[in-house]
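The chain below stands alone, shown as structure tokens; this is the form predicted alone.
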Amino acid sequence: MAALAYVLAAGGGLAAALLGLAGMAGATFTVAAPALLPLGGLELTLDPLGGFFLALIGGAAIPASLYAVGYGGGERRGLLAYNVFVASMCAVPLAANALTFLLAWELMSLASYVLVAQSGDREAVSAAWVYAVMTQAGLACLLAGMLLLGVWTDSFRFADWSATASTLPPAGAGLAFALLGLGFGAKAGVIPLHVWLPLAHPAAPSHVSALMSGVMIKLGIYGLMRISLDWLGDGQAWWGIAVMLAGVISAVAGVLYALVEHDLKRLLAFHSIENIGIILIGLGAGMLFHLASLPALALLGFAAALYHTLNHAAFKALLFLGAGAVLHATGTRNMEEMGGLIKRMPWTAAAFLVGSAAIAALPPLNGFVSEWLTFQALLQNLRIDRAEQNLVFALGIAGLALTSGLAMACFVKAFGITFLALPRSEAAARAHEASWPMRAGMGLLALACVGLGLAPTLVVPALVRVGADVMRVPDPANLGGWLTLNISGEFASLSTVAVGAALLAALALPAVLLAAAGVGRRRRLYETWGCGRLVQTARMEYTATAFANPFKRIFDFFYRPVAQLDIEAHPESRFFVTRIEYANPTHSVFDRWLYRPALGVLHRTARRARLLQSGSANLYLIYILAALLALLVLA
């Protein structure tokens, strides 16, 4: 039963992916049922941008559902919610009016809430509660923004919003952008609206985590693209500046939090925030170039954002599935209790290594290509003759460079501590390889990471055509040949096939030189260097805490660590120590400076409001009478 449900989800994902690819190629359709519900009823339509996100969702649902066949172990709980989750995500980019969009959006949120709380333990229920609060706050912002647009344009159809966007007053359009941006930003996990993401993603089953991080938060990006370039017209300069600054802050803060995280799934969740930031940097660049009447550069920034959206769906889903295989085998998410898993889980280790190299933007994998495209867009900012915008672009370049370096360090830690050296616990020593459906899911995503990295000459023109349709600008005809991708004429070019061939040649060169020198090929087995020690134990290994400590010292202004030392001495003499416990936890500046004060104000307001709830029916009747009189006076 469970396997059949997941196979159906995979089949639905395949159909959605094919339909989405047809939409990207120019196929369109519209299905409407205006009499079914008020405010325009239900209406679905397919366009290139919607087709891209539909293909993204369907493509990610296939490996995640295959993986779930082996991961769930016949567990029936959550099957309905999983299929509803996938179907509602597919409906979001097809929605053609506000009511259809909000119904699909809320159904997606409710289904994912059920899946996050599925295990029923205290951590999962708490995470689901925080997720529900943030997603409903985001929904309130979306409702307010869409109601304003509906009233101003006298329609709730998105096509009508696009057609009449130029007639909106700048202040009204700015207010609608702010409200809708907050709603979509909360779903995307943009800092400081990210608080639900590192709680909910680790609590959900791993195939659900892969879909939530790989594609669900991308629907927030979909909404931001719609309001920035479609529903509200060409936009205003401060919109692009705000999007790019939000991207820089999210990218840098997300990777900094990931560096000091020892929970493998929470580490990946913080990296989702980082990658959402990278996508927003590309999108913000495209918006500013579009307003400066530089369509070719606008398409470059937009294509970079779409490419990173696609790449992040591939490598983040792969990494979450790999982390799920580790959790399934060891029963823990704590990296300090792992180690040595590469010998017991070689297939999982290989897949996780591909995902780690891809997210760290190492060539010739897919993460490298999209970050390279983003850099090429940012580096041409001097073609905009506005000093304040050039400064924002400079911040984007610096933020992206810092993020790339820190991400590489973080995944050296994630892979090295998890898979290398000796097992740090009995669970790690007894770990077993993932089942074949789980390996099949990870294998498909690993191939996608390699394929997307080697084929930018096929992917970028398709993404540019999607951007040209959204921005209503001409599609540039020449982006290079089948081997080389050319950017802005002679400004830059890239051939990842050539880069990959050069790397393979470099790896093969030592073997060729040794063979040419006549060195024998007979293997000589010997112990590795043991630093002079006779016995190596797991306690002598480099830990995740030790790896993160230098970064914690450098960025202490951000982490705000607090040293905690607990020493327990022998009862008969304080000079004999029986136990020493040291901790150096970090604190979130957003929790301390934003959410805790806000919750304090909310609690104080709630306590005062409780004074009105006396339990007296007479008093409640007086309240009703006062409200009626106030309404009569206002009328």
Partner chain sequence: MTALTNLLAFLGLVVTLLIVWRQGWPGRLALFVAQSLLLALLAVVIGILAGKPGLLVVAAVVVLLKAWLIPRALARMGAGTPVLRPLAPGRSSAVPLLVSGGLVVVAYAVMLPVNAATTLPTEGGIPLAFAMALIGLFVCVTGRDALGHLLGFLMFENGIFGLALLATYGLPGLVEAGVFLDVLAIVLLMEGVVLRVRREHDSIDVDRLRELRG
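Predicted, not measured: the structure shown is a model, and the values here were computed from it. What we label the rigid core is the largest C-alpha set whose atoms superpose within 1.5 Å from one form to the other. Residue numbers count along the first chain shown, from 1.
Keep in mind that the form predicted together with its partner chain is not shown, yet the notes after this line are about it.
With a 4.5 Å heavy atom cut-off, would you call L629 a contact of its partner chain in the predicted bound form?
Judged by the heavy-atom cut-off of 4.5 Å, L629 is in contact with its partner chain in the predicted bound form.
Find out whether any non-hydrogen atom of A25 is located within 4.5 angstroms of its partner chain in the predicted bound form, and reply yes or no.
A25: no, not in contact with its partner chain in the predicted bound form.
Heavy atom to heavy atom, is L621 within 4.5 Å of its partner chain in the predicted bound form?
Residue-level check for L621: yes, a contact with its partner chain.
So in the predicted bound form, does any heavy atom of R610 sit within 4.5 Å of its partner chain?
Yes, R610 is a contact residue.
Using a 4.5 Å heavy atom cutoff, which residues in 586 to 619 contact its partner chain in the predicted bound form? It's fine if the answer is none.
R610, Q613, S614, G615, S616, A617, N618, in sequence order.
For A627, is the C-alpha shift between this form and the one not shown 2 Å or more after core superposition?
Yes; that C-alpha moves by at least 2 Å between this form and the one not shown.
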